[in-house]
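Below you will find one chain, with nothing else, as C-alpha cells; this is the form predicted alone, and questions on how it binds or moves follow later.
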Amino acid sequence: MHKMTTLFVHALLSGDQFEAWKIVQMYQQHKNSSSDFYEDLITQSMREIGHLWETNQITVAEEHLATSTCNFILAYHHSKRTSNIRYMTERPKAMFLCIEEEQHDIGLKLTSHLFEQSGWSTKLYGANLPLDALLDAAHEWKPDIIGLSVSIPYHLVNLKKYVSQLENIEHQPTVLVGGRLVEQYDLSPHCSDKTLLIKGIKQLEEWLLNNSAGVKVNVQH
C-alpha cells in the first residue's frame, strides 16, 4: 500500500478529519484530478479498511468511524470542486442509488460527484432504496441516467428486477450499473444489452468526457 494511502487509512480510522484533509491536500500537490483522488486515495483506502474489518483487525465501531470521516472528506472535497462553477440552466439529469438491501454507498457518492463536476444535475438517494420509491422518483423527475450500485453478490437477485423496470419507464432513461462486482464479474446476465456497465472510476471519467461534450459549465474566476 502506498505510504500516503497508509497515512490516510490511519487518519480515517482515528476519525481525524483535520489530518485526513491535510493528507488530501498533500496528495493534490501531485495529482489534482477528482478521478485520481477518488480511485487512488479514497477507493484504495476504503478497500483496505474493508479488508481490516473482514479479517477482524478493526472493530465495527472503527469501521463506522472511518466511513463517517471519509464521507466528510468527500463532501468537503466536492464542495471545493464545485464552489466556483456556475451551471447552465438546462442540464442533463442523473439520479444515483444503491439497490434494496445494499448499504455500501461511497462508490455511489464518487459517481454522483463526478457527474455533477462534469455539469450534470444530480440527485443522490444513497443506500437501500426500494424499487417502488425509485420508480415514483424517476417518473416525477425524468432523469437521463439512473445509476445503480451493487457490491454484495447475494444482492444480484434484485439487480435484474431493477434494470428491467427502469428500462421500461416511458421516457427510457439509460441505466448505469457500477460497484465492486462490476469489476470482478460479468454482470451482463443480470442486465440487458442496453444497460451501461461501468468498471471503475477511470472508465466512468472516459464515458463522461465522451458524453458531456454538449454540457456547458461556466467557471467563475
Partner chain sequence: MFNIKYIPVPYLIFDRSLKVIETSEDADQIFPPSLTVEDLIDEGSRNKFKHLLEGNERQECELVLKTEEVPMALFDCSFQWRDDACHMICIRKNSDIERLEELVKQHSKRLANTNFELLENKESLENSIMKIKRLSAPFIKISKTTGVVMLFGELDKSLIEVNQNVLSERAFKGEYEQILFDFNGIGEFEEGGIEAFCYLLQRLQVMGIDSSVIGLKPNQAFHFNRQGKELQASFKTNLHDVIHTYLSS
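On a predicted model such as this, the values are computed, not experimentally measured, just so you know. Residue numbers count along the first chain shown, from 1.
Keep in mind that the form predicted in complex with the partner chain is missing from the display, and what follows is about it.
Chemist: Want to guess which of 170-178, 191-199, 33-41, 152-160 is within 4.5 Å of the partner chain in the predicted bound form, heavy atoms only?
Modeler: Of the stretches listed, the one contacting the partner is 152-160.
Chemist: Evaluate Y27 for contact with the partner chain in the predicted bound form, applying a 4.5 angstroms cut-off between non-hydrogen atoms, and reply yes or no.
Modeler: Y27: no, not in contact with the partner chain in the predicted bound form.
Chemist: May I ask you to state whether S164 is within 4.5 Å of the partner chain in the predicted bound form, using heavy atom distances?
Modeler: Judged by the heavy-atom cut-off of 4.5 Å, S164 is well away from the partner chain in the predicted bound form.
Chemist: Give a yes/no on whether D186 approaches the partner chain to within 4.5 Å in the predicted bound form, heavy atoms considered.
Modeler: So D186 does not count as contacting the partner chain.
Chemist: Even though the partner isn't displayed, in the predicted bound form is W207 close enough to the partner chain, meaning a heavy atom within 4.5 Å?
Modeler: Answer no; every heavy atom of W207 is more than 4.5 Å from the partner chain in the predicted bound form.
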